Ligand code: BES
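Here's a solo chain for you in structure tokens, the form predicted alone.
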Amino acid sequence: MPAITVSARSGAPEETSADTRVVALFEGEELAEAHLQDLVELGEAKPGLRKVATDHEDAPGGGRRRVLIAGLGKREELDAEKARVAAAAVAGRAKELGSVSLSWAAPDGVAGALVEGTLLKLYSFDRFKSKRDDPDEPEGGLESLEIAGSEVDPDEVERSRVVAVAQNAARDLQNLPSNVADPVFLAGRAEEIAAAHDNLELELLDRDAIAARGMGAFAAVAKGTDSEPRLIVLRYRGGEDGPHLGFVGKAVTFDTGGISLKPGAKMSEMKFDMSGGAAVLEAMDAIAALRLPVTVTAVVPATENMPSGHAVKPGDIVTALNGKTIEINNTDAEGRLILADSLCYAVEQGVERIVNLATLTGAIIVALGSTHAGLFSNDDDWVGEVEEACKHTGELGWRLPLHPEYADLVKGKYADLDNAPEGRKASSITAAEFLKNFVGEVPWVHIDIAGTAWGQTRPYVGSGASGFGVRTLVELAWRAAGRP
């Protein structure tokens, strides 16, 4: 996807040089320009959210230009999420019309959301296609986006651009096939990110180093694959403000289930099992680009989960980095194994708050669908901050309970823990209870994104890879730095 130039302008919105400008229409309000209000009175332009009407007018420099009238509902009900949805509708219409430059007359308080909705909507992934899907679609595409208005903050616009670009980069990683985006490829992407920023340090552990470090759970999952695993660690030292944050992202670049083999139907989607890791990597790129005055350590365990003569077997017992022993009774419950060692490693690095993202359980889709991710935590205050960040970004999270009775379910018969308790009771919760054993007393939130990483169908990300979590992680870093 070609880069789109994004800018802010404080002058009168109608003075833009863009070939297409956007005017917001609110319920119960009239447009100031008579020729546009005529469309409202004719019923062609409507104030309903996602409604878009088209008109034309004389451009300041001569010639004609398009005007898109975007419905935004009731002014008092406008929030960032509605603005993202409206921006996506406008971006889709502008693309159909072959617009090259777009200028939004931004209502107060949603300039950044308009940037996000536009850039996320215009994302496409066609790297492996030799022909265009729609030959009737105009060549080229949108080259510039301007957010205009007297109250527009250029810093907010730029911050939203950086974060949206990072989210789209995570979607690229998700969409790549697993024969391209293997663990070594992800490590290479981390090297690119670290090389681009003087405030990022990178550490990579290979198969031997993972085993030597005492990460028996991670090493066990990686045993079955010929692809080399990597533990990817990015350290950002932007300042001393706020707590030392730890971001941990599951990156199983392809999950067959191992010896506990998955059914063949939709197994191709298991290339998305690295979505948590993709979000963490690209969020770190955005945090470093924004030079936020915080300290963040990111840990991304990357491996395939494959069956072979070397693969870990049901019934095997391994020892995690913190010394806890684990019965592996289902090799398809591999995500919690690689996260166990990675959470321990993050704690060893001195992190004071942890968030982990993982496409961990199918059960979370049954519980919450693709609207909310599942949140689990050992700390009410920290999960409250994460919930607020989720709400602000539109990457919604819903907290589910932890309880000693659930913790009892993950106790092992022959070892300390069982990675896959029988009975399928509270599967998402017991997975979180398992992870809780590896964070000690550090405030921690586990975000299960199995339902939101793809197939979300939100207007600005569609049904494919969503890059879910990037904006929430950056928002948490922003808030940790004491920014409003």
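Numbering starts at 1 and runs along the sequence shown. In this text, all values refer to a predicted model and were calculated from it rather than measured experimentally.
Missing here is the form predicted together with the named molecule; even so, the following discussion is about that form.
Go through 217-225, 269-277, 78-86, 381-389 and give me the stretch that gets within 4.5 Å of the named molecule in the model of the complex, heavy atoms only. Correct option: 269-277.
So which of K262, H197, R213, K74 reaches within 4.5 angstroms of the named molecule in the model of the complex, heavy atom to heavy atom? It is K262 that has a heavy atom within 4.5 Å of the partner.
Have a look at L97, A407, I317, I365 for me and say which one sits with a heavy atom within 4.5 Å of the named molecule in the model of the complex. Filtering the options by heavy-atom distance leaves I365.
Can you work out whether T359 and the named molecule are in contact in the model of the complex, taking contact to mean some heavy atom pair no more than 4.5 Å apart? Yes, T359 is a contact residue.
Quick one: is D255 in contact with the named molecule in the model of the complex, heavy atoms, 4.5 Å cut-off? D255: contacts the named molecule in the model of the complex.
Whether F434 contacts the named molecule in the model of the complex should be assessed with a 4.5 Å heavy atom distance threshold; does it? Answer no; every heavy atom of F434 is more than 4.5 Å from the named molecule in the model of the complex.
The named molecule contact at R336 in the model of the complex, heavy atom, 4.5 Å: Heavy-atom contact with the named molecule at 4.5 Å: present for R336.
Let me test this: is every residue among K250, D332 and A450 within 4.5 Å of the named molecule in the model of the complex, going by heavy atom positions? Contact check passed for all of K250, D332 and A450.
Just give me the residues of 417-435, first to last, that have a heavy atom within 4.5 Å of the named molecule in the model of the complex. Stretch hits: a single one, A420.
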